[in-house]
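Below are two forms of the same protein chain, given as structure tokens: structure 1, then structure 2.
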Structure 1
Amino acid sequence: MSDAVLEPKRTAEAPAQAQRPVPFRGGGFKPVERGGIGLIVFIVLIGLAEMGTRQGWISPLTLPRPSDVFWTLVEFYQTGQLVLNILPSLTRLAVGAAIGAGTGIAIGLMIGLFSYVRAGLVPLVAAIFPIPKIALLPLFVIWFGIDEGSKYALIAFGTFTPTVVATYGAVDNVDRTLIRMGQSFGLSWMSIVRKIVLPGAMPGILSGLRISLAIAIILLVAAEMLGAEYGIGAYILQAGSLYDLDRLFAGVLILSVLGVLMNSAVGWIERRVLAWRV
């Protein structure tokens, strides 16, 4: 190639070349914060349901009227039924999830730290992970009784496996250079576990906890299928068998709120405990 081609002559006789700005091609494909849209979608959908059920083009068999659901909730609260039903449910969630997540973290740490425990328990955990825990409910009733025992057991069992998997995964992912550093400074085994492995595994454990708690809420309804007089799950199941859509939606709404609250509680813990994260 000659220079002439590479460098066009900058002379006055040169034909005027068309000029235009370089076209922008970089837009789109990037999530942009659009505040309030989610809320509007909610309001529009609820408004449509309200209008449809009022004007009759949505039959009462298809959807309950949102305002009826709201008044059902108000009534639920005013009659004291809300407290009566939510306390046993919260107790079951708290006790079940505490047992399940607690043993899950303990076993997960053991798997992460000891090769023998890993070799012995990982296949077992893999085998029980996919079992639909609901299917074991009748068995739990025989083992732990029809009262609170079987409900705690179901929720504990359901939260146990994901916590174990999340915990030993988190332990495996702890920065090896940090452990080597601890060893090079002659730290005791216990100190390395307590001061390096455990805090290092905390992000993984907490994100596992997020999933476990959602599973706990799902299992709450299942746990209250058998022999529960009170409880949000029992309330939803009763509404379902009575085909009472107002109460059904009211109950489901309470569960959703419970889920959102638990999620933000974990988020709050994360912000406090994991402030060191980059």
Structure 2
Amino acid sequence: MSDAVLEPKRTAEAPAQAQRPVPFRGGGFKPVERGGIGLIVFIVLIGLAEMGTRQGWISPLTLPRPSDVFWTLVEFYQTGQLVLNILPSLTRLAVGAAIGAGTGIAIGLMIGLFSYVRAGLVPLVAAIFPIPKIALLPLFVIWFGIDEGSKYALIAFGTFTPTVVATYGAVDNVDRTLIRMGQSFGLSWMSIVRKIVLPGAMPGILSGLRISLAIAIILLVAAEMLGAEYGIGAYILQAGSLYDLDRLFAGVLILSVLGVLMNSAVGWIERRVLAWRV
């Protein structure tokens, strides 16, 4: 009797349980964008620095007030010095990084795809990769002169080696099962490279490009500190020699913004090129 009474209740609950939504568990550790959190972190740090310098917790001889740095940037822009210094730096960075990264990606792909090229160039890349590129600046000045050629060469060389290593490492990490599957379906060598190898290696190539562009900014400053009349590096060198911390931190802030913009540009490329990832 009791089983007969309870049976309708169980059948009534069954549809409700069947309609309960199942949470999605297939995200695959995909990064989730949290807009505004990074900006909040910057604002908090700047606020702490401003409060610390105003209250005397931080000596003005070691860290200027962020508000003073801001007004220095405003003056830097209003006098036209910002454009006068940023345009040469952007030109040197664009030309040097384009030459170094473009050549590095091409050589890296050749190393990853051709065994004879790998056997010949990997030892050479391993030999020049750990050399401090800034130490070669006097040599580049001797070879290319003190003008723009030496600056382009330093940035290109410093960008080239990490891009090569990242590129052929990304090619090596492509899933070989996918390549064998393409071969089993009769795809040509060029089709396998274009449809399997390049898309599979692109995440690693772009990650290496982020590092290479950061290195390019560092080498840009080093190159402009030697024989450059205009440029952010020359501006920072002049401010440091005068112990003008407001101008010094203003130049460093410009470099930071430049780095953020370049990182955002690579992120934009990733979203377009790697849209196939889920």
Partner chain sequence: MTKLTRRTALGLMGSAAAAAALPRPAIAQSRKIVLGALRFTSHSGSFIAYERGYFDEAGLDVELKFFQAAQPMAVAIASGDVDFGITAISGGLISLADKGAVKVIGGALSEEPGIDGQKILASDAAFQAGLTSPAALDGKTFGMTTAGSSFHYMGSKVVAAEGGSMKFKPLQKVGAIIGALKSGQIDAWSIVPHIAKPLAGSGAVHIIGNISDYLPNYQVTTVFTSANNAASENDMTRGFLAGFSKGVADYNATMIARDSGDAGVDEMVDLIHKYVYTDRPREKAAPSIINGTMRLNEGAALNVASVEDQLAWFQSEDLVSKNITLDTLVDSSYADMRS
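Quick caveat, the model's predicted, so the values are computed rather than measured. Here, residue number means position along structure 1's sequence, counting from 1. Each form is matched to the other, and the largest set of C-alpha atoms that superpose within 1.5 Å is called the rigid core.
Colleague: Between 1 and 2, where do we have the form predicted alone?
Modeller: Only structure 2 fits here, because that chain is the form predicted alone.
Colleague: Quick check: Thr79 between the two structures - does its CA shift reach 2 Å or more after fitting the rigid core?
Modeller: No.
Colleague: Is Leu178 among the residues whose Cα moves by 2 Å or more between the two structures after superposition of the rigid core?
Modeller: Comparing the forms between the two structures, which are aligned on their rigid core, Leu178 does shift its C-alpha by 2 Å or more.
Colleague: With both forms fit on the core, is the shift of the CA atom of Ile211 between the two structures 2 Å or larger?
Modeller: No.
Colleague: Aligning on the rigid core, what is the distance the CA of Trp57 moves between the two structures, in angstrom?
Modeller: Its C-alpha shift, to one decimal, is 5.2 Å.
Colleague: Taking the rigid core as the frame of reference, how far in Å is the Cα of Phe42 displaced between the two structures?
Modeller: A shift of 3.9 Å at the C-alpha.
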